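Consider the single chain below, provided in structure tokens and representing the form predicted on its own.
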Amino acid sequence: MTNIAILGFGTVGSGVYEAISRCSKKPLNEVNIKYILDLRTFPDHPLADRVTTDFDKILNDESVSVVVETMGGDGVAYKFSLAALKAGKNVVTSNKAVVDKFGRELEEAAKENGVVYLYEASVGGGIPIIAPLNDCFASDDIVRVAGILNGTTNYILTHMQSEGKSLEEALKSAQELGYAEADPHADLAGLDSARKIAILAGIAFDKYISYESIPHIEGIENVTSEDIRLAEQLGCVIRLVAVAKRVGDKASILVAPHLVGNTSLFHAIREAFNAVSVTGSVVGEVVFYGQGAGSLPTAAAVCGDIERVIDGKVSARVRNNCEDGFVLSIDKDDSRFITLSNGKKYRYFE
């Protein structure tokens, strides 16, 4: 039996409980959720007696070997993750903000204490992408990672196209369905996608890359229904695409709305789905597609990391520092642009 603790019992944390309770396969069917850390109580929940507000109880319990951090934010979540690692506990997270901001420190702490820090669920929801980048492409030089990494913006752009809605109308629909937050700024401005591509680029290029080092982060706020209609006339759709490319011994990284032609698999990515394209110098292009958010898809990725910890399938990894100048300035960008008939220019993704 493996004892775990879940920090935060919201959408993802409760999804982890549900995914574990549904699973009939080893080792997940032998996982015991010993603690749930939350300020709320859940009197009608089957695990109501496991809920605590005392993190030290978890920290000091030597029987707990895995801490699942699904709290969100980069304050207390970082503090508790670091403390757990220093206490010799493996940490699994879905928290992209903490991974982006403190990933280097947390992975170093994991290695120093003989445990691991895993974050498959921080990018792409239920899409397995971080483990493949670390393992399956280990013998290949990755020359490009690109993705439709934000389900909210993809839903909005899809419905602006299919239903002729304005951005505001499509956003309202996304909020009603729970795809968009009450404050959607991080999604619409491309910040969410930027954090995710920074994580993926860092793994692909063996560097710790912060999203703050990305020189061009552009969201979809200025995309209009007219733009989408004119793109269709060219056989294209507009999608928010994050791209990280090798350029010699450096990298070009950006987030922006792109025209996507019908020869690209990204052309077919609709609704709140995500897709990640990885191009290796040997294997060529490989595309991963699936649900990029939601309780159970994200929980599935968390549970995959829990299984890897239990089976000993991973070891602590520490990447290199990202030296100044590794990420090229935007004036070095070699993107191909296409001008719509209304005069607006868009990068072209192929």
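Rigid core: the largest C-alpha set superposing within 1.5 Å between the two forms. Every value quoted in this text rests on a predicted model; they were computed, and no experiment measured them. A residue's number is simply how far along the shown sequence it sits, counting from 1.
Just so it is clear, the following notes concern the form predicted together with L-homoserine, a form of the same protein that is not shown.
S.K.: Considering non-hydrogen atoms and a 4.5 Å limit, which listed residue (I156, L149, V99, L118) is close to L-homoserine in the predicted complex?
M.R.: Residue within 4.5 Å of the partner: L149.
S.K.: Report the residue, out of V64, I33, V314, A293, that has at least one non-hydrogen atom within 4.5 angstroms of L-homoserine in the predicted complex.
M.R.: The residue from V64, I33, V314, A293 that makes the contact is A293.
S.K.: For L-homoserine, considered in the predicted complex: do all three of A180, D192 and K196 come within 4.5 Å of it, counting heavy atoms only?
M.R.: Per the other structure, all of A180, D192 and K196 touch L-homoserine.
S.K.: In the predicted complex, which of 172 to 180, 250 to 258, 237 to 245, 75 to 83 comes within 4.5 Å of L-homoserine (heavy atoms)?
M.R.: Result of the contact check: 172 to 180.
S.K.: After the core is overlaid between this form and the one not shown, has the C-alpha of L240 moved by 2 angstroms or more?
M.R.: Shift of 2 Å or more: no.
S.K.: For L171, is the CA shift between this form and the one not shown at least 2 Å following rigid-core superposition?
M.R.: It does, since the L171 C-alpha is displaced 2 Å or more between this form and the one not shown after the core fit.
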